[in-house]
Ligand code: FRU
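The chain below stands alone and is given as structure tokens, in the form predicted alone.
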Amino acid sequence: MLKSAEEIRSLHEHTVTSDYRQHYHIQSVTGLLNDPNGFVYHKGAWHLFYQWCPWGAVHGLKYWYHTISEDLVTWKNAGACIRPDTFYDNKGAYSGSALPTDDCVYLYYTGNHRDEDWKRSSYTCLVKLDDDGNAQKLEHLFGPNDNYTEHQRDPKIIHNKENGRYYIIIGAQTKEKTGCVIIYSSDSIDKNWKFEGQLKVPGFENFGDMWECPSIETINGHDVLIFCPQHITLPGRGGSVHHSGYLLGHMDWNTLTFTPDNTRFHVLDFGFDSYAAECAANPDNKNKATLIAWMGLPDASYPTDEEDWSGCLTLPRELRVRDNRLIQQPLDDLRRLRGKKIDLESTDELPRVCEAELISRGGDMNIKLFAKADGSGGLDISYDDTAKTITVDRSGLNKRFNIELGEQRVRPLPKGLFHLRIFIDKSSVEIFVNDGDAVFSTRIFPTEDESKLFIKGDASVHMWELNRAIDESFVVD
């Protein structure tokens, strides 16, 4: 347990000196960050939490760390919110979700308990967070279901306004070692929860051995089942076995059946580093939601592990449905971060923190980010107009990592390439293709001799430096 903020103050002071600290992406205050949790809008502010291990770049004892924003662009640290300090969460406060009410926000999370023989039990727990930031743990809601393995976690709270009931959906694993979602319901926020059954998803009865971070969202009248199937390989995903994706379809709460529109599982992010997506409803527009994800993967390592810190989140993205697919678009308010416009005719130096926008006039396109002076290496973004595919390849960078998961990702573009928005931070790149039809998120860690930008192709290109938007204050208590 973290007994005092002073235990990790020197670690924070060391961490913020890293050349790879982000300027406009949420990142760990110390130690390790992974899943985003409890993403919610309440009384004029967005609240977002992340899984946090304070002591280093290891998946150790997890807390919930709290960040707050008024605009989804600039974020302030608010400190540790949920601490693993009870019987039910003695080995970690694992992922979950949030429900806003008139007077507070309720946080639902998995309490990871282990006994003296290291046997795991998962408890669904509840915290009441008042408007002054005080977090009060309430009685746990229910314990593990014996009809499933020990892998039961990541409760998503859903209020069904049609029947007035509350539902909690949980990622789980059957005794036969297949991934699934189990469902509980209640007429109350904090009591009377009962097991309703297992979610039926026709065509996906044997799709990975565990489903993490499940969510059911309604966007543009479409029901969307978002989840992370584990230990399964998918076409075009290299050696990755952990994925974040979705199905479009229809949810029937009476029969606990999600009927997909087709048999295709859609990947949310075509890049190398994206997992555990968390959604929040947009209070001003029911036709869209806002998504944020961990820019990382389970069972993976990153160069900053050597500096005793790891992890950041993606930019928040607006979700809509278009042509029977989810599209992800960067927030309009991100334009407020734009600073000096870069004259690309007078320099080939690539700022470490910037945004680029390209409008293609047709034909092949090649972009090298953080290449060497002779044009070699770098993060390579290539569009083949004959094959109608875009390829992102990071094998040319000096610092290579997670090589076994693959260093190249390809996405078909049946309509061709006409638009790119690229967000570059100190150790990440996010590429939005064709107004949100696809997105590639990747961590990168350029070295001193990797600083050049090269573009080949017929396109209009604009680039801006971006201002800082993330608070680096040391806030724990």
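A residue's number is simply how far along the shown sequence it sits, counting from 1. Here the structure is a predicted model, which means the values were calculated and not measured.
Separately, the form predicted in complex with the ligand exists; it is not shown, and the next lines address it.
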Stretch in contact in the predicted complex with the ligand, which is absent here, among 72-80, 162-170, 146-154, 133-141 (heavy atoms within 4.5 Å): 146-154
- request: Tell me, out of Glu212, Asp89, Glu355, Asp269, which residue has a non-hydrogen atom within 4.5 angstroms of the ligand in the predicted complex.
  value: Glu212
task: Name the single residue among Thr442, Ser28, Thr67, Gln51 that comes within 4.5 Å of the ligand in the predicted complex, judging by heavy atoms.
output: Gln51
task: Answer yes if any heavy atom of Thr314 is within 4.5 Å of a heavy atom of the ligand in the predicted complex; otherwise answer no.
output: no
query: Does Asn34 reach the ligand in the predicted complex if we count a contact as any heavy atom within 4.5 Å?
result: yes
- prompt: Using heavy atoms and a 4.5 Å limit, would one call Tyr275 a contact residue for the ligand in the predicted complex?
  reply: yes
message: Taking the ligand as it sits in the predicted complex, is Tyr94 in contact with it (heavy atom to heavy atom, 4.5 Å or less)?
response: yes
